[in-house]
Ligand SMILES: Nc1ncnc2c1ncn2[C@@H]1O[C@H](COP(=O)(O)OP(=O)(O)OP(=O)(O)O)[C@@H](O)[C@H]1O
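First comes one chain, alone, set out as structure tokens in the form predicted on its own.
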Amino acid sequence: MVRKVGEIVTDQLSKRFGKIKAVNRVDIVVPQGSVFGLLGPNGAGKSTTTRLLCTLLKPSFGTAQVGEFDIIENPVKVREITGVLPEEGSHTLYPSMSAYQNLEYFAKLYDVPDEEIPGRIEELLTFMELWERKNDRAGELSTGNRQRLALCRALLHKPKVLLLDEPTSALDPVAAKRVRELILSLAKKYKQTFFINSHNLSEVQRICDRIAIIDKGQILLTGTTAELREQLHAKQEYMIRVTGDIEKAKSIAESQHFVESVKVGVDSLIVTIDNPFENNSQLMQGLLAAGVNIIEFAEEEASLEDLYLEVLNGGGD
């Protein structure tokens, strides 16, 4: 395996199930202390990639390094430095045991020093707003609370790397926000590295440093959001907020030969302009000359959703 700098490095990582190539020659580099998002539709290979990285599955070809350990040569060491939250994280808990007992049990399995266990459990349950429920059986907690408890379990031994599969899928907006805050604070304060599978594009855009888009087991694009936008040559749109007759403004914009498309909102137009550096001022002059009052003329960045859909539809080729 070629040595590349990163907390997670994959080298031609592949997994087949019969004739199905679930993961096909995946090359990813995840820097230490970063938050990495793996995006893709159902069946794209996201969960299989995570299972390979945490050594639940053995590659059919290629390998990966987590921390300084190879997943094939040192699987036990990989497990020691990783925390895993599977897609159904709440299923990793013992329903008849209390929230506190679950964490106490797993802390001992993780070899957390006895004198540190009470403090770590209280810190995590308090942050997740579960301290008052510490004596409740895990099976009696709501789905969202069980997911939060499962995340506490994954964090107990202060792992260097956390592999999270849809970590906020069962959480309400407030709880999901707290989890996002926790991920960002841990990555910054303790240099913990997060590898997150998610279908929530807006969430990934908010918290991830780098993103990879996977489909049919293959990585289509990887990089920061800005880098992906540049690779895709996403067309630049502009938002024009106006007062008065919006249909009149639309008609004027559409009459300009350099305007490629016009979408109408409540009080604004979203226009795609060819060669905007030369033509933006001409469009503004045309609107003003027609008596359209312009409140705002601003560049609209392509969203991660735009990029995601364009790649899956073949726009990234």
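From 1 onward, residues are counted along the sequence shown. Model, not experiment: these values are computed from the prediction.
Heads up, the form predicted in complex with this ligand isn't pictured, but that's what we're talking about next.
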- Query: Only one of Glu87, Asp209, Glu227, Glu116 has a non-hydrogen atom within 4.5 angstroms of this ligand in the predicted complex; which is it?
  - Reply: Glu87
- Note on the structure: Answer key: of Ser47, Thr55, Ser268, Gln65, within 4.5 Å of this ligand in the predicted complex (heavy atoms) is Ser47
- Message: On the criterion of a non-hydrogen atom at 4.5 angstroms or closer, are Phe258, Leu287 and Gly291 all touching this ligand in the predicted complex?
- Response: no
- Task: State yes or no: in the predicted complex, is some non-hydrogen atom of Ala22 no more than 4.5 angstroms from a non-hydrogen atom of this ligand?
- Result: yes
- Query: Applying a 4.5 Å heavy atom distance criterion, does Gly43 contact this ligand in the predicted complex?
  - Reply: yes
- Task: Give a yes/no on whether Lys250 approaches this ligand to within 4.5 Å in the predicted complex, heavy atoms considered.
- Result: no
- Item | Distance check, Glu203 to this ligand in the predicted complex, heavy atom within 4.5 Å | no
- Task: Work out which of the listed stretches, 65 to 73, 269 to 277, 250 to 258, 35 to 43, brings a heavy atom within 4.5 angstroms of this ligand in the predicted complex.
- Result: 35 to 43
- Taking heavy atoms and a 4.5 Å limit, what residues of 263 to 281 are near this ligand in the predicted complex? none
